[in-house]
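Heads up, the chain below is alone and in the form predicted alone; it's given as structure tokens.
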Amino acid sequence: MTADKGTSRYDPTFARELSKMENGEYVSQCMQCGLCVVTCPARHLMDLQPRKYFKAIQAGDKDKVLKANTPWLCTSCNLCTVRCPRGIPIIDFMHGMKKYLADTKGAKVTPGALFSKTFFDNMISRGRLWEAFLTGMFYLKAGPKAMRDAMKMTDVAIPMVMKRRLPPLPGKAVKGKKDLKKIYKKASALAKEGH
């Protein structure tokens, strides 16, 4: 298939590039059986279910892969990895794709990426999640359209606040918050070294 002006949308170097990632070599082993799809609890939310995601990578359909929300919606439940007849570590690959996308495209590549970044920043700053702050920061960072969408969900948010399921004030930060930040810095340094 060709895109505008006769340029192919398929990039054969893309699959080779991803195969160099940690666990990237397994993508070529996917035989499209679909067991990962039938076990995935988030499949109905994904742009490309895992099987189609792997197929797009194998075909070199770079734009499709980079725009898909698949890695960001992976719940890491491990069902796909357990059921895969080829033993492909799908979760590990999805985690690698998150890092690849964050490094190459930035946190705003998809709402899932932005949510993951906001979640992580919230956890590092307090050592404990504050759901109301996370939700507010996510919608602020996502832009005006997202804020309008958030306002449509007040019928859900207000009862959650009233029933203390979405606390309006933060809880106590964890003890040893400085140690948590040290662990994060050490993990970041190891990741940069390729561990």
Partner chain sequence: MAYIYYPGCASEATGKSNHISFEAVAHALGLELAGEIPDWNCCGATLVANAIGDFAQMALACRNLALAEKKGHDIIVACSSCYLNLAWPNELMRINPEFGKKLNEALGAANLSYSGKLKIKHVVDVLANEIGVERIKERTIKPLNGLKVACYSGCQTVRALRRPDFDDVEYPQVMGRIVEAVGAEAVDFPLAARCCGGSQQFANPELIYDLTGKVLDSAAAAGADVIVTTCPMCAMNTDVFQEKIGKLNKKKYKMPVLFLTQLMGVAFDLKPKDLAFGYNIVSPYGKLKKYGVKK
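Remember, predicted model here, so these are calculated numbers, not experimental data. Positions refer to the first chain, counted from 1.
There is another form of the same protein, the form predicted together with the partner chain; it is not shown, and what comes next is about it.
Put simply, Glu22 is close to the partner chain in the predicted complex: some heavy atom of it is within 4.5 Å. The partner chain is not shown here, but in the predicted complex it comes within 4.5 Å of a heavy atom of Lys182.
Among residues of the shown chain, Asn78 is one whose heavy atoms approach the partner chain to within 4.5 Å in the predicted complex. Under a 4.5 angstroms non-hydrogen atom cutoff, the partner chain in the predicted complex has Ser188 among its neighbouring residues.
None of Arg128, Lys52, Lys67, Lys141 but one reaches within 4.5 angstroms of the partner chain in the predicted complex through a heavy atom, and that residue is Arg128.
For a residue to qualify, one of its non-hydrogen atoms must sit within 4.5 Å of the partner chain in the predicted complex; all three of Pro41, Arg83 and Thr135 qualify.
In the predicted complex, the CA atoms of Arg164 and Pro41 sit farther apart than in the displayed form, by at least 3 angstroms. In the predicted complex, the separation between the C-alpha atoms of Lys20 and Ala187 shrinks by 3 Å or more relative to the displayed form.
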